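This document opens with one chain alone, in structure tokens, the form predicted alone.
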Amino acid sequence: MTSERLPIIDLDLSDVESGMALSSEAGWNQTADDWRHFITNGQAIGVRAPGGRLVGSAAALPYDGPFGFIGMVLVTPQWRRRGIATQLVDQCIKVLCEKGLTPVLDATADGEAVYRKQGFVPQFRFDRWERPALTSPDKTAQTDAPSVCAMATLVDLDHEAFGADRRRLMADFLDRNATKALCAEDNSGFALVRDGRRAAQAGPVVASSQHQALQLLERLVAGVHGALFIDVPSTWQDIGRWLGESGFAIQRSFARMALDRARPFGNPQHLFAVAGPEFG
């Protein structure tokens, strides 16, 4: 059976459970809320096996700016190497280009080689750092109360560092019960952490300097006792050293890639952790 026999379909909210089955099978950290965001705010697509099972997915998420993001590119193992992922990514490219947006995605080492053939060019690289759950958290440790960031301030800071307006995504993150947000005292930086399926996910982290980012991360990490992921651009070596000293280890690395564009969008000098490979 070839991929031509599997027409691309649009996913809706009734497909959240099937999407979760795909991402959970792959060991990814996405939640049902993440799937709902892609379906509600972007164009989530997929292919079904003859029996009706969802066996492949991808999503195009437009942002208010010069680019949009491609994420959730998944194919169940039995259906790989049939061109399904390429077919789905090509459709996402078409969706974003028709809106006048440059397609951007985050690729693993294996994925990078495939995406290069489709015209994607690396912009920068980042590492996923993972810390297991603390076996004996210090329940007496005092952590700072979260400093409240005005939504407009958070959106503006994220926009400047990331390169596009993500107010709908930031609002979604903040509306989730377990999300915590920390703001720098002068409102020039912030750090978020939210729930994931396997571990809490820190990011984005935006700051005016690496020193300020470390201050925010120290406060943020101190309040998380469960397993924790954070995706940090590889250039920030001081943060990498601190993470290593704090019980984190690199799980895998990614390349942020854009179609026919090598120069990063936004201001990478202020971006110290990304929101995750699915959101950018």
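Just so it is clear, the model here is predicted, and its values are computed rather than measured. One rule holds for the numbers: they count along the sequence shown, beginning at 1.
Although it is not shown, the form predicted in complex with a small molecule is what the next lines describe.
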Heavy atom of each of 58, 94 and 99 within 4.5 Å of the small molecule in the predicted bound form: no
The small molecule: the contacting residue among 190, 126, 173, 115 in the predicted bound form [heavy atom, 4.5 Å]: 115
Interface residue in the predicted bound form among 207, 75, 164, 169, criterion: non-hydrogen atom within 4.5 angstroms of the small molecule: 75
Stretch in contact, per heavy atom within 4.5 angstroms of the small molecule in the predicted bound form, of 126-134, 106-114, 175-183, 150-158: 106-114
Non-hydrogen atom contact residue 85 with the small molecule in the predicted bound form at 4.5 angstroms: yes
Distance check, residue 28 to the small molecule in the predicted bound form, heavy atom within 4.5 Å: yes
